[in-house]
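Structure 1 and structure 2 below are the same protein chain in two forms, each given by itself as structure tokens.
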Structure 1
Amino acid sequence: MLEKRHITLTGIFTAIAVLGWVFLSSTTSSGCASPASQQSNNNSRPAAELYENYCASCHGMYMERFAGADRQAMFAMPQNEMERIIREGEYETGMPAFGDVFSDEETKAVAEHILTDIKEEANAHEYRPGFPEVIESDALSFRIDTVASGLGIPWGMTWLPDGDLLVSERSGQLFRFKDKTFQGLIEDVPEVYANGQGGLLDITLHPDYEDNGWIYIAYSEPEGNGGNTAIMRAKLYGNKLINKEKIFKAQPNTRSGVHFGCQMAFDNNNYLFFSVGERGNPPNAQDLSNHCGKIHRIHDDGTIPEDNPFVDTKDAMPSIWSYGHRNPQGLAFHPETGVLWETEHGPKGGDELNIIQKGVNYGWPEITYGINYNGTIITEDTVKAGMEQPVYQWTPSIAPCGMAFADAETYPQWANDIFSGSLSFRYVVRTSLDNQHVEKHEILLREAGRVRSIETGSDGYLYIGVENPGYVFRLIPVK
């Protein structure tokens, strides 16, 4: 089983070549109108158009993403079962319901479109990454150096003092790599609820790791048949976690499979900041009596700092630092200013880049630049008194995940630029700042794959983790 994980890069490139050939030879024979779209009649909107507008942002143009455990198995699903899923959605996995905005006729046509046209096209569009030898950007040329492969969804990464790389995988496994070679799995990791967007999440070392040995692991904890986001700290003894202490557990428990957060960042005073998403229940974000839809601040042992903004507010959770967040999956301190920056997923549109300040309300779902996935309105308001505006908002959504500042010494031309991953557009965005404003964005690494994690390594390089096939690479400047 572990053997199978060692997919070599050569293997991947061979696959690209073969698939490229299949793609070219199959496109010549298609091009006529599809059977499903011919069949949609009367007032129904065409199935292909509905798929593109309502489904492709998450599932890709060819159902290459989120097709249960296996896309081929999904193509074998009975049509009435697929219609039911489209109509009702699936709360546990994060599949939204479309029954309110599709007629029965349209639901039927979309399911048929997936089971005929998309199924036929799908094999020709199997995704594989491929990069040129040297990649030119506006300011700097660089090359890709792959350091870990054979992964599923590489959620978080951190570096031990000897340079070994630990990669947390959503599935619940923690991998150790030395000099680009897989060393084995870390044993005794916390049990996770690996469902929907949950699983093993971020991982980071205590700033004084060399003295105290604490590793921090965020995960979705299965307590109460669903659980919520939790943080554990533990020490590494050989390849085993010991001295495990659960220092945070978000309340309340829920079976929802979405919006867990959870990114962690230590500041220079050893305060741990981390994000918890609103768990698919938007009102949570405005309600201080639960942990969801918030950024939190705790001491390194999980105790509550006395000067947190809501410690004296009746019924408020004392760990809350800021609120009104939807699903923050980027969190990092600016290396020079020490200001905390964050990115969060909006719904359909309205992804945000924020500066996080003590006690501030960021507005979700009272204000947003986005709309529901099914096209309905959440609120007409984008601005309200007492609610902070984003520094920048992305519409359409890029689905930002992972965030790091480029190290000024390693990349002088990119010094302190923000690097964010895009899950939906499968690229990386470099954002240069003019103080607290966005100066410009540059899109890099188009078709990298769903970018899940970005960190600055202990060697100063930017490391990027991409999903399915999951691998981690770093960016090396080329003179």
Structure 2
Amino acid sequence: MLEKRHITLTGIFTAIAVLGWVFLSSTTSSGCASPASQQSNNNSRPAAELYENYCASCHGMYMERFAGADRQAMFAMPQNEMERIIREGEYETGMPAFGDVFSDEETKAVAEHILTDIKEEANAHEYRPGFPEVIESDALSFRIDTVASGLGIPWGMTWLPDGDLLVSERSGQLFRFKDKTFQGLIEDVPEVYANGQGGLLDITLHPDYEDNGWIYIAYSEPEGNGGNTAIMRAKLYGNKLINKEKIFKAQPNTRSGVHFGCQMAFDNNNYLFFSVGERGNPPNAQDLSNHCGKIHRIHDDGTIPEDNPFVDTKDAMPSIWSYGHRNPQGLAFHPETGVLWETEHGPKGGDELNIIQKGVNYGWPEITYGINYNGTIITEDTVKAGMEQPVYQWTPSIAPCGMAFADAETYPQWANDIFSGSLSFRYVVRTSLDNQHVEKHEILLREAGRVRSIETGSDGYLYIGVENPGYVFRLIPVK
């Protein structure tokens, strides 16, 4: 087993002040200006504290998870309906129930807090940060160069040989940019199950794209009463997808709107590796008879490699490479060693950085460093025989999303460091490695926004995609 790296960031996150709100750590108490946020005489906890501790990691400090019509509809919701959703949860969107965690008065106060305080701040808050002209990090100075805007949730990005940037939008649109200018939408993209966290997900080119023209698109495919993660390959003719071939579809279908995965990465032998989340049903991750909660490996045409670890295992899905995963949303090969690294969302605490190995069980939900969102215990076990430990784990959760290795020529001071995004805390994490151990961790670009995607572009620069309003920027070293 890998040596365990248990990192906690409580010293960093004991308090967060945003636009005059003082949010609470687990050992402090304060209020907010709205009556909904005041602690009443029956010892109910303040609504702002409850929202930060139980809601913000998924929804954002200002409900940044929602955009456009979805945001307008959410803020226009009657308060009694908002209270019902908080109390009972919603399976299809992945919203957990808090009826056993919040008192009736606390449920009412949180609903009012969302529909008054957060609505007001969300409408007034400018999400795009005002970074200084030159940003100093521990090892390198750099500046921000915005290359794409007008987006909502930029889930994936890739570059054509002529330098054009393709950006997948979770709502189901595929954007094309050239020299920072919007060139139009790509037509005939696959229909998506745009429910909760599902939609148009990752996008990548075949390593031999210039010879074969294959583009790979991951998406949540609607099928029956629900859907699941699928992968299609297609070719681009002008601004239209042609020769579309679906090469993978996860089973079983479910109405759940959470934990689709899906990140893709090709290795040097043109095998396609990709992640599928456990779709909000934790036992899926330990069950080899379904695709969920796994990392998969297939040929570039969707056929199954004969040396996959479970090809000869009765009832097992033959595409499985590793299992016991919750919701992996970072996947990349080390540019020098060829080792596959992954980040995945834990529940409340216990986000993981893993090295992915053939046939290995990563433990979810039998072992975890996290707890349920409502504070209940999932398991007392963090270690079990036959289950791999994370190289690194984050508690509290940062909600890691997107992952790339810094190009050694473009950023010699950051050579082969891992860059990950944080949805919860709205920043970028730089992780320096000593062989296969974490040597150092640095937080960059605080308040960048909900960082959804990170890729190394064909020009060697690191590209960062941020949600609502969505934009893509790159990091330019300053000599």
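The term rigid core refers to the maximal set of C-alpha atoms that superpose within 1.5 Å between the two forms. What you see is a predicted model; the values in this text were computed from it and never measured. For residue numbers, the reference is structure 1: its sequence is counted from 1.
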{"item": "Identity of the form predicted on its own, given as 1 or 2", "value": "2"}
{"item": "Flag for Val258, CA shift 2 Å or larger between the two structures after aligning core", "value": "no"}
{"item": "Ser322: Cα shift of 2 Å or greater between the two structures (core-aligned)", "value": "no"}
{"item": "Did Ile114 shift 2 Å or more between the two structures, C-alpha, core superposed", "value": "yes"}
{"item": "Ala76 CA shift between the two structures in angstrom, with the core used for superposition", "value": "4.1"}
{"item": "For Ser103, CA displacement between the two structures after the core is overlaid, in Å", "value": "3.1"}
